[in-house]
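Encoded as structure tokens, the following chain is the form predicted alone, with no partner shown.
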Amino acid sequence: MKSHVKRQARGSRALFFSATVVGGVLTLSIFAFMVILGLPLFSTHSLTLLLTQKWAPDQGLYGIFSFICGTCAVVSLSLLVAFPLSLGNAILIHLIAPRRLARFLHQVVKMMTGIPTVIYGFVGIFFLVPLVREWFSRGSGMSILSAALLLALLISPTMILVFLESFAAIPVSHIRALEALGGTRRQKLVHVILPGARTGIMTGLLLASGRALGDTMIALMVAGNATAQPESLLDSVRTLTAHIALVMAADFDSIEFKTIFACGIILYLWTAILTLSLRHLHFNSTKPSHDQSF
């Protein structure tokens, strides 16, 4: 019986190890694929020019700097809007709202994670874009601001759910100890819930950053797809993901087409940094302290 269990354990370890190796090889193969197909671009244009020049194919300029700036602007602004909104909603559901209302709001947030991104895009085109255009009386309404607001709505459910899980993971004994000392609801939030859920809050923020960075439809439909360097939040921009989607129909042998692989490499490395940051946070949160080791 013991030998049978040992064989099963060895088989399971071998299976999981094989899956890990295959996943790692596929991930590295994708990166190598983008580098190899982008070599013609790197051989004719230096990395410095690629990252600093403007985008003007008719002039022989294939710089993607404005796309990087547009991506950073849209993602950063969406996180600035979504983070306090998500944290406030998570606190409302976990701590303030009555149980029945909290359960209903929790289900609504879960439902929002399943809405297709293109639906958000249509809402942005027919509602948010005209609203921004009329409110500021400038531009077409397809701008960094419009894309960031819509993207904030898209990533907020992800953050809310992660925040709620981190709040629920706080030991009940800590909360009961504060209540026994006569602590108020605000003290419970400030001194127990938020400090105890710090790692979960950072995890939710990083996960939302990855989703905002990889979104294509909202940037494609609402940001305006302008190739010029943005100067204000009301300017139209093209993000890296939108550029990949727009140039996919170009001539496969052209330098213009090769730029999508440079964009893919930047997105790949950016996502890898976010993933490694998540792994680092998870490792630090699960590592026992000196007091716990005894």
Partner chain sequence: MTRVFDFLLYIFAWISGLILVGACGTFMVFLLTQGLPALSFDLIFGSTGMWDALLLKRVVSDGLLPAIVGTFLLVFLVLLTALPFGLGAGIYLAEYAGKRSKSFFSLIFDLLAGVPSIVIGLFGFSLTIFLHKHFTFLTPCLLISALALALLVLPYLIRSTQMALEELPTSLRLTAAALGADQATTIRFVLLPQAAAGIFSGIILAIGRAAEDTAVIMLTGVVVSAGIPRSLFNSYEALPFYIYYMASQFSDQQELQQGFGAALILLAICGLLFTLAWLIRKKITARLLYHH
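Quick caveat: nothing in here was measured; it's all calculated off a predicted structure. For clarity, a rigid core is taken as the largest C-alpha set superposing within 1.5 Å between two forms. Residue numbers count along the first chain shown, from 1.
The same protein also has a form predicted in complex with its partner chain, omitted here; what follows describes it.
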The unique member of C72, I115, L178, A169 whose heavy atoms fall within 4.5 Å of its partner chain in the predicted bound form: I115
Quick one: find which of 133-141, 219-227, 169-177, 196-204 has residues within 4.5 Å of its partner chain in the predicted bound form by heavy atom distance. 219-227
Should F261 be classed as touching its partner chain in the predicted bound form when contacts are defined as heavy atoms within 4.5 Å? yes
So in the predicted bound form, does F257 come within 4.5 Å of its partner chain, heavy atom to heavy atom? yes
In the predicted bound form, is there a heavy atom of its partner chain that lies within 4.5 Å of any heavy atom of S76, even though the partner is absent here? no
So, S156 and its partner chain: in the predicted bound form, are they within 4.5 Å at any heavy atom pair? yes
Taking heavy atoms and a 4.5 Å limit, what residues of 16-38 are near its partner chain in the predicted bound form? F16, F17, A19, T20, V21, V22, G23, G24, L26, T27, L28, S29, I30, F33, M34, L37
Rigid core superposition, T27 Cα moves 2 angstroms or more between the shown form and the other one: yes
